[in-house]
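Just the one chain here, the form predicted on its own, laid out as C-alpha cells.
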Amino acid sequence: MSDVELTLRRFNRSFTQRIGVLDSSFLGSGRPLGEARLLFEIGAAERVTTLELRHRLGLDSGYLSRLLRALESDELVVVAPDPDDGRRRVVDLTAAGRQAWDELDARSDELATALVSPLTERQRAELDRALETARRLLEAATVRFDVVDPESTDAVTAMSTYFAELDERFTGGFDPGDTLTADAESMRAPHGRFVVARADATVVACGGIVRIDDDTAEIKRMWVAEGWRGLGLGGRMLADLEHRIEAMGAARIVLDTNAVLTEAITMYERHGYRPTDRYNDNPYAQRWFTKPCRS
C-alpha cells in the first residue's frame, strides 16, 4: 500500500470519529448518518429527483428507496411524480422536514466551529487550503465515465458550454452551425460513442469518437469544465476514449484541433500523438494528429 493510501485511511478513521459518523444519532438528530445526509442533500437543492440523488450520493436505487421511506414515514419528505416528466420522481421537504433540515444545518455549523476553534488563524488557513485541495483531488479521482446519447441533455449542455468557449478563444469566433445534429448519428453505436464524465450529478468533461473507416476512428469534441482543469481529467478522458476505440477494433486514432488550444496540443503530444496530414475539411482545424492503437 502506498504512502498516500495509508494517509487517506488514517484521515478517514480520525475524521469519521470526530464528526460523529459512528453515532447512531448523527449530530443528535435522532437519525443515523445515511438518513441525515440524504435529508441535507434534499434540503440543499431547490428541486431534486431521485435519479439526481443517486448520482450525487453514489447510492444504489434499493438503498435510496429505503432511506426515502424512512424519511417519508417521519413525514419529513414527499416523493411525487415529476410534473415535467412522469417517468421521474421529485423529492421535496415538508414543513417538518425544513425545520429538521435547519436544525441539522445549525448543528453542523456548531460542530465545524468547535473543531477549528482551538487553531490559530494561520493553522485555520492551512487547514482550509489542505481540505480544499483534498476535496478537489478526491472528487476528480472518483468521477464516472458514462456513455450517453449525443443529443441528451447532459451532452447538449456540455457541448454548448464548449462551443461558447471556442467562440471566445478562436480568432474570428466559432459558429457550430448544425454540428450537434450532424455529429449525433455518427457518435452513436455501433459507429461511435459520446462519453461524459460526472462528478456526482455534474458533467465535468466529455468527448466523442467516430469510426471513419475499417482501420481509423476519430476523437472529437473533447472538453473539460474550466473549474476542473489541472486535475488530470483531460488525460483520463483521452485514455477512456482510446480504450473504447480499441474495443471497436480500430488500428489508428486521429484527431484535429485549433492552434490556439495550446493546452490540448500539449496533452496530445504528451500522450503519444504525432502530427499528420489534414484528413478532413473542418474549417477550424489547423493541427492534425494520429496515434496507433495498442491492440
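Everything numeric here is computed off the predicted structure, so don't read it as measured data. One rule holds for the numbers: they count along the sequence shown, beginning at 1. Each form is matched to the other, and the largest set of C-alpha atoms that superpose within 1.5 Å is called the rigid core.
Omitted from view is the form predicted together with a further copy of the same chain, to which the following refers.
Checked against a further copy of the same chain in the predicted complex, the residues S108, T179, S186, T216 give one hit for a heavy atom within 4.5 Å, which is S108. With the partner removed from view, the residue among Q99, S160, S73, Q123 that has a non-hydrogen atom within 4.5 Å of a further copy of the same chain in the predicted complex turns out to be Q123.
Contact annotation for G30: none of its heavy atoms lies within 4.5 Å of a further copy of the same chain in the predicted complex.
Contact annotation: G34 falls outside 4.5 Å of a further copy of the same chain in the predicted complex, judged by heavy atom distances. Residue contact check for R10: one or more of its heavy atoms lie within 4.5 Å of a further copy of the same chain in the predicted complex. Not displayed here, a further copy of the same chain is approached by R18 to within 4.5 Å at the level of heavy atoms in the predicted complex. Taken together, the three residues G173, L261 and A264 all stay farther than 4.5 Å from a further copy of the same chain in the predicted complex, as judged by their closest heavy atom. Here the chain stands by itself, but in the predicted complex one stretch of 59 to 67, 46 to 54, 247 to 255, 227 to 235, 227 to 235, has heavy atoms within 4.5 Å of a further copy of the same chain. Contacts with a further copy of the same chain in the predicted complex, taken as any heavy atom within 4.5 Å, map within 105 to 142 to D105, S108, D109, A112, T113, L115, V116, P118, L119, E121, Q123, R124, A125, E126, L127, D128, A130, L131, E132, T133, A134, R135, L137, L138, E139, A141, T142. Relative to the superposed rigid core, the position of the CA of W101 differs between this form and the one not shown by 2 Å or more.
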